[in-house]
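Quick setup: one chain, the form predicted on its own, written in structure tokens, and binding and motion questions come after.
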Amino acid sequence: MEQITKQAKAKINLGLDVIRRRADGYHEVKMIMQTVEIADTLTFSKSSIPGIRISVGESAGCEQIPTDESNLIYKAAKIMKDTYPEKIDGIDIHLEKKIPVAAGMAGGSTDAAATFLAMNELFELQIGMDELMKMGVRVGADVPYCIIGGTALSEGIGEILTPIEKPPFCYLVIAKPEINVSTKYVYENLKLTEQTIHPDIDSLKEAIQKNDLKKMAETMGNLLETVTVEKYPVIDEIKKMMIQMGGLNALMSGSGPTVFGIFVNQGDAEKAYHAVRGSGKAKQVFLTTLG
């Protein structure tokens, strides 16, 4: 095999809580992660020319993507190359971007995860999933989750993963405003006090396990909204629009600014999709399903 193509799927957070800030500066989290059917496409080709080379397509957001050592794809490829120098000489990686950039949907992390999986297969390294996930956390806290995908309870700094049942079927409208949010900024400005109201992740997990869509929607929550929505009110405007259009609930994903709405009825979801697109409040809008 000289070439392999992988789909790198985005994620949303059905719930996200921040428990505390650790002494090492990382934040301890408790969240439920969910893969969605929005994906980047990465093509990996063996090369006789030593080194790692990344190229990107011309889709929206690609102009913002670095192709040097700062790219998470590069970081993942370098870990693999440094670990197995006798098997990996050169590799060319081409990225076609569909997941919004700086959106709270793990676009960079899922591309890195696809890199670990693809290089493991392309170079016949036979690395087990547990070892790949240990490599992944060296690139980013969301990478281990993106390696396994699906529905999972995520704890620690994001690396402690417990797969759970997939959520009940529903329609999703996903909208990314024309702003980019720095995850670093959000966590640095998050204030945790005794008065902080935390999302009930245990109740959310129970609702998913009971296949109770209404309860799942009611218990969704994201503590990071306390920072991001205050700075970017358009996030709340999109959330309210989705709910007014028939959504059971709407939530910001990750550190934002992407918003997703949960819909029972396909017609309501389609109306919300067109309304958000027509409002000019979001740069990229998607209509998909969950479960």
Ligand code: ATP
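For every residue, the number given is its place in the sequence shown, counted from 1. Every value quoted in this text rests on a predicted model; they were computed, and no experiment measured them.
There is also a form predicted in complex with adenosine-5'-triphosphate; it is not shown, and the following applies to it.
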{"query": "Residue (of L72, L172, I127, M133) lying close to adenosine-5'-triphosphate in the model of the complex, criterion heavy atoms within 4.5 Å", "finding": "L72"}
{"query": "Position in contact with adenosine-5'-triphosphate when the complex is considered in the model of the complex, options V101, L213, L190, L122, heavy atoms within 4.5 Å", "finding": "V101"}
{"query": "Partner-proximal stretch of 154-162, 193-201, 90-98, 215-223 relative to adenosine-5'-triphosphate in the model of the complex, 4.5 angstroms, heavy atom", "finding": "90-98"}
{"query": "Partner proximity in the model of the complex: P50 to adenosine-5'-triphosphate, non-hydrogen atom cutoff 4.5 Å", "finding": "no"}
{"query": "4.5 Å heavy atom contact, V36 to adenosine-5'-triphosphate in the model of the complex", "finding": "no"}
{"query": "Partner contact for P66 in the model of the complex: adenosine-5'-triphosphate, 4.5 angstroms, heavy atom", "finding": "yes"}
{"query": "Proximity of T228 to adenosine-5'-triphosphate in the model of the complex, heavy atoms at 4.5 Å", "finding": "no"}
{"query": "4.5 Å heavy atom contact with adenosine-5'-triphosphate in the model of the complex for all of Q7, T41 and A118", "finding": "no"}
{"query": "adenosine-5'-triphosphate in the model of the complex - contacting residues of 11-30, heavy atom within 4.5 Å", "finding": "K11"}
